[in-house]
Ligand code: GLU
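First, one chain by itself in structure tokens, the form predicted alone.
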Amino acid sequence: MHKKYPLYKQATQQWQKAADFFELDRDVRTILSEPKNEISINFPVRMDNHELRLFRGHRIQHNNILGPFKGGIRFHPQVDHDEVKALAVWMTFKCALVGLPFGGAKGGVTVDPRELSSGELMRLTRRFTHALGNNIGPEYDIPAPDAGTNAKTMAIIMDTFMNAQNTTNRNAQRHVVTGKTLTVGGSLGREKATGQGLVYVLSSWAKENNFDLSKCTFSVQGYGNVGYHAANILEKMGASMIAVQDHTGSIFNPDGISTEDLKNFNLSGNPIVEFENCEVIEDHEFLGLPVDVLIPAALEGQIHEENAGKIQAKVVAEGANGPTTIEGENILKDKGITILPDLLANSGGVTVSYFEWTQNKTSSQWPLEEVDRKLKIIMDQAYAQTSQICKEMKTDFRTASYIVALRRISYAYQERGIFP
């Protein structure tokens, strides 16, 4: 990860650039300049060898003017306070952009989950949830999966939180997390939601620019949940994935790489660099490959001033949060490359999380077709509003998406006022 400057600084510069465009009210700007709550916790976990190990976790609650705090929890060795703070800011604006009744939050624990046994991981998750206590809640702050966590992690968080409530009220707490397994209240379509939403946004851009996605080539950086599902959906539309990069290396095949076969190969514990009929290339070559669409779906800061100049794609669709630094973005814009920003392109995940939260509150489950239909409506609307601002104010997609979000937040403060 490229971290020449704090990630929170990048997030702040992005939204304040948009705030300058339409002269955001100074009081609202002041409120948004810092998170509402910042929680850091050191908590012990009993390891399999019976030794205690101390872990550090964070939960940053940025803003809740539009609704309960909402944001993922990640388990990753690079998690730190600055990163979680930036991610919480992005969640505030992401939820506002797509019109969800949520605010923004984020959480994380500094740990490599691949180094822990399943038992250690369960105990870590339960201890962190217990330590957070009432700092999360189904109508207050609702976590979801992120890097290093999954539906199983959410089920454990839910169970831990529910068992801390009184007996008669436990089942009313089921929507304390989203992104759960279907068995314990998850939503159909949640697993593919971020990738599905990205493809909806990419399709809207393609339609507006007379670009044929069915004949395009694309590369994916990060072949986890977001990268795989976006790739798989594009492949079913006729597009061809010709390159993939993850933490084990980079592969290339100009004739195309099967998204499903690569996923199954990877799930079997094999590194992607051993996948058949592919050329193993150097990591620094990956971004420079001639593709139509580049999907960075790994971690933040991957496209920066030292490598952005190599990119030849027509459009970069950001599946990850903050994958492009400000310097990297300026280089891409100078090259005429369109960036579909994270705020817009990867908001499908939190949107279907909202659907899950709503289903839990009403003890219902929607069919997949209804989830996809509702998601498409919201993503299409968000794209249309963002694209309109781009044209009206002659600005880029990222700035336009922040303007749409900031206007919603600003209107809420104007109508509600500041208490007391």
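The structure displayed is predicted, hence computed values, not measured ones. Residue numbers here begin at 1 and follow the sequence given.
If you look for the form predicted in complex with glutamic acid, you will not find it shown, but the lines that follow are about it.
Glutamic acid is not drawn, but in the predicted complex it has a heavy atom within 4.5 Å of Arg190. Contact check for Val350: a non-hydrogen atom falls within 4.5 Å of glutamic acid in the predicted complex. Although the partner is absent here, Thr153 lies well away from glutamic acid in the predicted complex, with no heavy atom inside 4.5 Å. Contact check for Met91: a non-hydrogen atom falls within 4.5 Å of glutamic acid in the predicted complex. In short, of 382-390, 65-73, 44-52, 22-30 it is 65-73 that has heavy atoms within 4.5 Å of glutamic acid in the predicted complex. Against glutamic acid in the predicted complex, the set Gln14, Glu329 and Arg398 makes no contact: no member has a heavy atom within 4.5 Å.
Only one of Gly222, Gly185, Pro145, Gly322 lies close to glutamic acid in the predicted complex, with a heavy atom inside 4.5 Å, and it is Pro145.
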